[in-house]
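Let us start with two forms of the same protein chain, each given on its own as structure tokens and named structure 1 and structure 2.
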Structure 1
Amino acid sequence: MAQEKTKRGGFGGKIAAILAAAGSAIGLGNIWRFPYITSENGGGAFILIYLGCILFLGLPLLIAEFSVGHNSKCNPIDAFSKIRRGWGWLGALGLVSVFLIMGYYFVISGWTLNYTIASATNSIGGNFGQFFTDFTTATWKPLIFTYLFIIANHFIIIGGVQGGIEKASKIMMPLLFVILVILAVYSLWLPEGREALANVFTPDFSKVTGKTFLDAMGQAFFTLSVGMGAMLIYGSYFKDGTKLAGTAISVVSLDTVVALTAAIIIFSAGVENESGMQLAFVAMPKVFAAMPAGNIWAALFFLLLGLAALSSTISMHEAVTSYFVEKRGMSRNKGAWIVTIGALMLSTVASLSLGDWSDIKLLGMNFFALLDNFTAIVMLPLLGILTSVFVGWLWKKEDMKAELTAEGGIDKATYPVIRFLLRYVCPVLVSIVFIFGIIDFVQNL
């Protein structure tokens, strides 16, 4: 066993672990979803509820995934089966989910690359909606940028844990934060900046409804990349003695800071009532075009989106690659190529489903939308429920306690609280997100 551990890759230290895990958590949802739901649900009032959901839902689930990975030092399938024989299927389900997510996430990531270049060269033009439609429904152009993004992931992954993921994270994450700070400072310098700051943090409890709590729970769950094996595999690369609770708190804090800062930037631009792709690729370019040197600010914004996407997708790619390397005994290079080729094929279908193949639908959705909805509404919440039940109920109490208190950095007084949250609170809250997600999906069919 000792020999096996020395051969297995791992992060070089605490900072590397935090940057990589924070990179996995910080994704497109921080920038294009959080500002919208904050605006819709009462600004500071929503933030207070969201922070509560992060504390009682997101943080325990993140600690749970870190713990399973750190304890087993295995890929997701072997990790679950090592702790509880016969439960490897839960890890397999996570890998299926993360692979499906890559299918559409890589497509959007490719868009950020195109928009960064188009903004820097000032070639988007004046009809922002038409530019977005023409680009995303084209045949080859979106595919080329998607492929470039996937290949960038591939070369990071084949570099290994320290030589690839860690090195990339140490470059990408500081750069991401620098760009975020530059955009935030510029936003606050604008006449609307101080008003935006007030709008983000001033509570308006008149807008708080049952949907506010549901949105807060959903954002707290989805924002941390839990339930799909990415955080588990990163946890397995933590050095012995890594304080899991401290690392999880650092990741949650960085993720929340990015979301709040993005909200200030979006509110300053006056487009907080837009969300998702329309916010990022139509509304924001229009706003930047009206600013002095707007193409430069737009390029920085899309570079920020691209870095957030890349830091997330490398964790997804690594989770699946680890299966082929450890479970199938392949070299890292061969395992990574299998994942990369699979991602290329899946993202090709997802991209073409927005244009040439848009007439092919299932449940009234094209393939791109189907991947998005199926993973977000069904797979991830279901995996979140199962993971919390697994750690809270099926992991032997003494083994879990030893993992969290001996090396996890959780004192013996706090441990029962974490266990209680994982046994009773997390499954219930994620189940609520799951049930209402299904109801909303059925009503919109």
Structure 2
Amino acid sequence: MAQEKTKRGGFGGKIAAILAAAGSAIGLGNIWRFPYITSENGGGAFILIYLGCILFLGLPLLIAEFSVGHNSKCNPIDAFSKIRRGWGWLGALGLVSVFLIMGYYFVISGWTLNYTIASATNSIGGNFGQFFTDFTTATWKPLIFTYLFIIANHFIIIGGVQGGIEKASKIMMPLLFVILVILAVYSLWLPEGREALANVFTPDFSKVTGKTFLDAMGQAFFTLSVGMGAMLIYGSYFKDGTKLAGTAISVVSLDTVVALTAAIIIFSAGVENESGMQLAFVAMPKVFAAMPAGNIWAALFFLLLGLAALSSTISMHEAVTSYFVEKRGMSRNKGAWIVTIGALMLSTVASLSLGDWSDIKLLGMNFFALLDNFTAIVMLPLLGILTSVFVGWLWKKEDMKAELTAEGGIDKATYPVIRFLLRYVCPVLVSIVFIFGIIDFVQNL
């Protein structure tokens, strides 16, 4: 057993654990998705509901996932089956989902690379909407950037847990925070920025509908990367003595601060009426272009987006790679190649589905939108329900308690709260939202 432990990689310490997990959480979800979902749902009121979802659903689920990983110290499939025989499929379901997310996530990640370069070299031109459409529907250009991004991931992963993921997180995350602060200070310094912000953050409860809760919960799960094995595998790399709840709270806090700050940066630019993908890739460059030295600000913004995406995609890649290494007995190199090649193929289809293959539709959606919607509407809530039921009901009570309250774990007073949330609150609330989500989805078909 001791030998088995030393053979596996692991993070060097607590800071590494927090930075890596925060890196997984903080991604396109915070900077690209959160602001546009907030603006679509009427701003302040949505944010309040979202914060409730983060606290009462996302945080307990994150703790649950960390503890399954940390307890079993193995890949997501073995982790579940080690705790309860016959439940490895739950880990597999998470890995399939995270792989599907990779398919479209890498495409957007590739865009950030092109936009960083195009902004820095001032070559976006005057028509931002046109630039976006021309670029994203082209055949080769977006593919090349996506491939570059996937290859960058690959090299971080084959560097190992400590030499690759930990090292990259320790460089990327501080850089990300610095860029974020610079952009936030700059946007708050603009008087019209402060005014635009006040408008967005004032809660307007008249806009709250069932869909608001749906979007808030979906966003909370997405942004915390829960249920898909990525946080589980990182938890399995935590050193003994790492405080699981403490780490989860740090990750959730950092993630929330980044999402709110990104919203401040974007909304202070006065673009809250834009929606969807256009918000970050069309409206923002337009705003930057009107500022002095705007292309530098724009380049910084897209660099921020790219860094956030990279630190998230390595956790997705790692989760799937760990399966090939530990379960199929491959070398890390070989396992990583399989994931990389799979990601290259899937993202090729996703990217082409926006352009050359946009006529091919299923349920009225192109492949890119299908991956996004299927994972967000079906897989995220489903995995949330299953994970909370697994930890709350199926994990032997004493074992779960021992893991959660072990040295460095959760203190005895908070433990019952977490257990209650996982046993009752998460399964019930998420199921309700899930069912309404499916109904809403089917009605809109």
Ligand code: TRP
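Residue 1 is the first residue of structure 1, and the numbers go on in sequence order from there. Bear in mind the structure is a predicted one, so any value in this text is a computation, not a measurement. Here the rigid core means the biggest group of C-alpha atoms that line up within 1.5 Å when the two forms are laid on top of each other.
So which is it, 1 or 2, that shows the form predicted together with tryptophan (TRP)? Only structure 2 matches the form predicted together with tryptophan (TRP).
For this session: Answer yes if the Cα of Gly125 shifts by 2 angstroms or more between the two structures on a rigid-core superposition, and no otherwise.
Result: No, Gly125 moves less than 2 Å.
_At a 2 Å cut-off on C-alpha positions, does Asn199 qualify as shifted between the two structures after fitting the rigid core?_
Yes, Asn199 moves 2 Å or more.
- Cα of Ala216 displaced 2 Å or more between the two structures, core superposed? Yes; that C-alpha moves by at least 2 Å between the two structures.
Report task. Having superposed the rigid core, state how many Å the Cα of Thr38 shifts between the two structures. Result -> Comparing between the two structures after core fitting, Thr38 shifts 4.3 Å at its C-alpha.
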